[in-house]
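Shown below, as structure tokens, is a lone chain in the form predicted on its own; questions about how it binds or moves come after it.
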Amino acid sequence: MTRRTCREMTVGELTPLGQSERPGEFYRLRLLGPGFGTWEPGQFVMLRPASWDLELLWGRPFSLAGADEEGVSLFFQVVGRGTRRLAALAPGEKVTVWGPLGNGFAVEPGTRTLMLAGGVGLAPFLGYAAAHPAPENLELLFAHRLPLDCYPYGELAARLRAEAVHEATPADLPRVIRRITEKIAEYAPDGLVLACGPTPFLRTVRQAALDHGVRAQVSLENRMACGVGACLGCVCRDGLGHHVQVCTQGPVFWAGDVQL
């Protein structure tokens, strides 16, 4: 059973990645602190640096890219005030971390498994691939808009079968969707598809998986404030139209069990 806690951790390393059009947009963050030995790839944590004081009240959610007894690893993109402040952290600063939270991806060692990642949705698959007991059964398809070196794609490509598809302009979108659909079809009828990325990307994955009869899980990136089911800021609808909380009942759902 995953043990959920709230603890103070220390910034160990904050490493910028790549050369995007906006330098300083992508980072690997390593937080140090004992006690993260039990977690499931696909789970997330909430972060709130002590330096935020009362300026930013809510923490920010991030998928775990890795965790061990010494700390946790994360990958994030600067998209707003919270992540901009995270990118300015210095080694030794204190960060309040609560988690691990939510449900992780299914792990089926004997099943061919396709990991579909869109942009920063690559983060949970770093941990998933590292922890999987049969990585030879894993394959990655990565859809991205910014240069490939902005993402830790190379870490996975060095160990697994991997393919990157680049959406440089909107005109590339039909080609990307076609490739995602083709790849999902290859995993019918007995494979497993796991996906993480922006909602339009997950919508494409969900529909293709349902069309081809492939079992698929999607990890939602809804906005969260509390991460523990109290604020209801992340609510979506399940397959029957009922409200579900992404933070406590997800973020990973079977594709047929959630509306996108």
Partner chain sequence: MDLTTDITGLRLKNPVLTASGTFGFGLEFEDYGDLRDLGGIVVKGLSLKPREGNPMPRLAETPCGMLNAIGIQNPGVECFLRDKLPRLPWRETAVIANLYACGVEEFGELAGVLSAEEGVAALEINVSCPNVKEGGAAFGQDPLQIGRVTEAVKKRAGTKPVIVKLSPNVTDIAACARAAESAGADALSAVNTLLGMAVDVRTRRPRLANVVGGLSGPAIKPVALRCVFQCVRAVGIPVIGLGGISSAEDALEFLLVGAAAVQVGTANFLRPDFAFRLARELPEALAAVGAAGLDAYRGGLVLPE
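Please read all numbers here as calculations on a predicted model, not as lab measurements. Residue numbers count along the first chain shown, from 1.
Below, we refer to the form predicted together with the partner chain, which is not included among the displayed structures.
Trainee: All three of F105, G191 and L220 touching the partner chain in the predicted complex at 4.5 Å, heavy atom to heavy atom?
Mentor: Spot residues vs the partner chain: no contact at all.
Trainee: Please tell me whether any heavy atom belonging to P34 falls inside 4.5 Å of a heavy atom of the partner chain, as the geometry stands in the predicted complex.
Mentor: Heavy-atom contact with the partner chain at 4.5 Å: absent for P34.
Trainee: Does E8 make contact with the partner chain in the predicted complex, using a 4.5 Å heavy atom cut-off?
Mentor: Residue-level check for E8: yes, a contact with the partner chain.
Trainee: Just to confirm, T111 within 4.5 Å of the partner chain in the predicted complex by heavy atoms?
Mentor: No - in the predicted complex, heavy atoms of T111 and the partner chain never come within 4.5 Å of each other.
Trainee: Can R81 be called a contact residue for the partner chain in the predicted complex at 4.5 Å between heavy atoms?
Mentor: Yes - in the predicted complex, heavy atoms of R81 and the partner chain come within 4.5 Å of each other.
Trainee: To verify the annotation, which of these, F76, W98, Y187, Y153, has a non-hydrogen atom within 4.5 Å of the partner chain in the predicted complex?
Mentor: Of F76, W98, Y187, Y153, the residue with a heavy atom within 4.5 Å of the partner chain in the predicted complex is W98.
Trainee: Go through 207-215, 47-55, 63-71, 25-33 and give me the stretch that gets within 4.5 Å of the partner chain in the predicted complex, heavy atoms only.
Mentor: Going through the listed ranges, the match is 47-55.
Trainee: Scan 213-230 and note down the residues that get a heavy atom within 4.5 Å of the partner chain in the predicted complex; none is a fine answer too.
Mentor: The stretch touches the partner through N222, R223, M224, A225, C226, V228, G229, A230.
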